[in-house]
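To begin, one chain is listed below as structure tokens, in the form predicted alone.
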């Protein structure tokens, strides 16, 4: 039973992880970023097997980042900013689209970064939703604004099917494991701006170094 409890999504845990993500200088600690993503993976898994196409990819990407963090170059991977500098300085990134470094930290994070935008947009819609709003529509619209543009047709079709399987709004709020709908809205009001800030800092860093089109 304990294992199954540990696998339950808890919005508060994700909030705490992303709260720890930012240094006073607004650098993003990769360890806490990964921890936050592990929480978000639990959310995806709780929504059913159809979301496996995203959750499995997120699991593999977080593991790659943790492997870098534990390697001899670990100190260079302490923050997103130090990782980008280290990999660019040492030409460990496919900035010219050669595909030599398919598991570079920069490329790996880019995939998580794109998915984070989708979840941030979806959770914001959920926060401001009304009782009879459909979670499937909220999730689909958030996906179309973010991840869809990076996915081939087959995955977009699978995503569309997955959205229709989402629970109703009230059941979704129960999945959050933080209490009443009012409490869920309150915690979302704290968590979503954090996700947004982490996303925006990463977005500007990737724009600055032209890293958005890594193959």
Ligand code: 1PX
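Every value quoted in this text rests on a predicted model; they were computed, and no experiment measured them. Residue numbers count along the first chain shown, from 1.
Another form, the form predicted in complex with the ligand, is not on view; read the next lines as being about it.
- Taking 43, 34, 187, 28 one by one, only a single residue has any non-hydrogen atom within 4.5 Å of the ligand in the model of the complex, and it is 43.
- Although the partner is absent here, residue 11 is a contact residue: one of its heavy atoms lies within 4.5 angstroms of the ligand in the model of the complex.
- The shortest heavy atom separation between residue 168 and the ligand in the model of the complex exceeds 4.5 Å.
- Mapping the unseen interface onto this chain, residue 123 counts among the residues with a heavy atom inside 4.5 Å of the ligand in the model of the complex.
- Although the partner is absent here, residue 83 lies well away from the ligand in the model of the complex, with no heavy atom inside 4.5 Å.
- Contact annotation for the candidate site: 54, 139 and 143 all lie close to the ligand in the model of the complex (heavy atom within 4.5 Å).
- Residues 159, 163, 166, 172, 176 are the members of 157-176 with a non-hydrogen atom no more than 4.5 angstroms from the ligand in the model of the complex.
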